[in-house]
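Given next, in structure tokens, is a single chain: the form predicted alone.
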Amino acid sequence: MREFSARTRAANMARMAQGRFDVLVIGGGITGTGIALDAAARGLRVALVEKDDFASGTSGRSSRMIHGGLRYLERYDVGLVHEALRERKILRRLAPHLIRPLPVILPADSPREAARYRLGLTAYGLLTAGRNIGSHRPVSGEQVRAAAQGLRGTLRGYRYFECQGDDARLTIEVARAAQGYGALLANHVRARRLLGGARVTGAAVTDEISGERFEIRAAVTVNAAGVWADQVRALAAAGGGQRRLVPSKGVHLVFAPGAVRTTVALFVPSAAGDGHFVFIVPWEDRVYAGTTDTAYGGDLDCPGVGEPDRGYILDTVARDFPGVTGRDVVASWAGLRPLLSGGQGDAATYDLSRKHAIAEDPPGLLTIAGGKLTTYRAMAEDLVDRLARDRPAGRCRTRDIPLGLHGSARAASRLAVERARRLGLAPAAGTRLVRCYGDDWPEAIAMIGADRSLGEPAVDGLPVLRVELELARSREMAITGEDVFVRRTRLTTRDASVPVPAG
């Protein structure tokens, strides 16, 4: 098992302060870590710093869907749909333990709705040729209600497939892969100032844990800070230019076990009648629902779940699952999408493009903004292709770099379940260790064998094992209690009442 710990972080920072790099990446979300992996795999010298934790921003607060972009067909954005479908197929191959197929049903309460869905899915099916998980098909009202018990009366529907995956865990696996190819990564390191005058030559940074300050020199600095990208550009002596991003807030609610009974995801019109849709998604023994899509002008570090956000989601779920109330909500999260303004004035965030863009402003600083979780690998390839024009670098290799698991997830799960049984653990524990830790599941089992207390629940009633708290520190560079409980194990997403330890 590759160590990726506080000790790794300290060693990386020491080398960052002493060396000179081809690329410095600012931002440890899925885009930044993806760029670090791509560049390092091409032989470039890479450093990456993140002011908070890996996936602490948008990359850890998404809908956790790796989807083909069905809804973008409404805007005739065929190019984005094609890219998303291609990247989804690649991700399923690279991280089969993290990215899993998810059946989705579009319930139709009228012949008109059914016709609309049939038309959209037929066009989608043509685009998915060779990349589809399963073909779409009509389902009867009885079939819909069998899959989603408690759903209000539905005449019929259509089933198709998306993929589900933990965004924060995917980001961690990409970060670990980048480290494996020689990149130096450190979380909780803030860029305070961009070095250089007319041309950016690196950054002055601060270790947010110790307070130590040092400088990182690089030929090219990449601004992959997501919704903070405009703020990072403003750190340059030459100024940050015009504002390019419009943050959009997306909120999700998590419902207690049994409150919303469905074995498939549902894609339903919002109760607000605004033409938008809400996903209702099964997740282990819980269900979450989202998302909102509203312009946001508050604190980028702490987007909250306000009553209007909560009501928007809750009203939709309660309409389709009568009896559900606010008392059934056990957790929630809010994330911000870094959307490109595109000079569209007062356009609603729902209508803004999800494509990405790259700009060099000022010289030496490449800013990448926009994009989607599903297409992060293509975004990284695009950016590294651009910076590689001016320096020797190999071809992109990220289509063939496994992200945490070599081989079949199903075969690994069978072995893990058997090993778990020998230790007296439930079969679900073995499956979980593969789904979360890929190739490192045998080490996790061995740790439990050496200390049986590590096989006990970290929190009573939740599936996370105590060994996972240890793995978060040794395998995934979790430094603070929040790193462990919020992003590595998702304990607070399962139940907001779980206390987060300090440090």
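From a predicted model like this one, the values you see are computed outputs, not experimental measurements. Start at 1 and count along the sequence shown; that's the residue number.
FYI, the form predicted together with a small molecule isn't displayed, but the following is about it.
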Could you work out which of Pro107, Gly404, Gly335, Gly430 is the residue within 4.5 angstroms of the small molecule in the predicted bound form, going by heavy atoms?
-> Gly335
Partner-contacting position among Arg42, Arg435, Arg475, Arg64 - heavy atom within 4.5 Å of the small molecule in the predicted bound form | Arg64
Given 226-234, 142-150, 119-127, 384-392, the stretch touching the small molecule in the predicted bound form at heavy atoms within 4.5 Å is 226-234
Contact label in the predicted bound form: Gly157 to the small molecule, heavy atom within 4.5 Å | no
Although the small molecule is absent from this view, report whether Ala416 comes within 4.5 Å of it in the predicted bound form, heavy atoms only.
-> no
Contact between Leu37 and the small molecule in the predicted bound form at 4.5 Å, heavy atoms?
-> no
Considering only heavy atoms, tell me if Pro96 and the small molecule come within 4.5 Å of each other in the predicted bound form.
-> no
